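One chain follows as structure tokens, the form predicted alone.
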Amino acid sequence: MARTKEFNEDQALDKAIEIFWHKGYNGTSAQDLVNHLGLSRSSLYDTFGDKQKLFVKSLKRYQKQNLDSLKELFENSENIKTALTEIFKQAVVESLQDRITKGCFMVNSSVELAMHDPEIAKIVHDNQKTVEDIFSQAIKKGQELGQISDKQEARSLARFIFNNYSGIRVLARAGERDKQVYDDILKSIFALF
């Protein structure tokens, strides 16, 4: 008779996101996963397969959660410029308050793995395109409402915003703690709007 699972897969994936985000793929051992998820090796491998498969599932879960939040933010926002500003301000707050300088799981995965792993590269690329599309649609809406300057094409601004957001997350991962650095970056970004 097959044993029933005695754990919640989504909760286990959330814990996997935590450890991979903190240590990276290459820095996370199988024992780290067993310890952090609180599962036996057999449960871990029976449920998720190998470390690579668990990482991919974790990254896709993280991606879905963040894309859903981003879409919801813009759908419920009356002022797109304010919403964009808040996204960056929140990234800065997280960067300055984060004890373990984790940055962004997707950006970290891009830097660590995308060049060597085609599956991760596809996830990262698809994420970039989707975020860019979300930003572009939001910026168009903001331009139509007169909240954002229309001197730049929405798609170009979306790419610029995505690139700068990613850069802020890389700075955070590298341990940047000087608030003035972030303030200068944000000031320059929003001067274009």
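Just count from 1 along the sequence shown to find any residue number. Model, not experiment: these values are computed from the prediction.
One more form of this protein, predicted in complex with a further copy of the same chain, exists but is not displayed; see below.
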*Interface residue in the predicted complex among G167, G49, G146, G38, criterion: non-hydrogen atom within 4.5 angstroms of a further copy of the same chain*: G167
*Mark K89 yes when one of its heavy atoms lies within 4.5 Å of a heavy atom of a further copy of the same chain in the predicted complex, and no otherwise.*
no
_Check N8 for me: does it contact a further copy of the same chain in the predicted complex (non-hydrogen atoms, 4.5 angstroms)?_
no
*Partner contact for L171 in the predicted complex: a further copy of the same chain, 4.5 angstroms, heavy atom*: yes
_Is S77 near a further copy of the same chain? Define near as a heavy atom within 4.5 Å, in the predicted complex._
no
*For the spot marked by A83, T130 and S136, is every residue within 4.5 Å of a further copy of the same chain in the predicted complex through some heavy atom?*
no
*Choose from 136 to 144, 38 to 46, 149 to 157, 62 to 70 the stretch whose residues reach within 4.5 Å of a further copy of the same chain in the predicted complex, heavy atoms counted.*
149 to 157
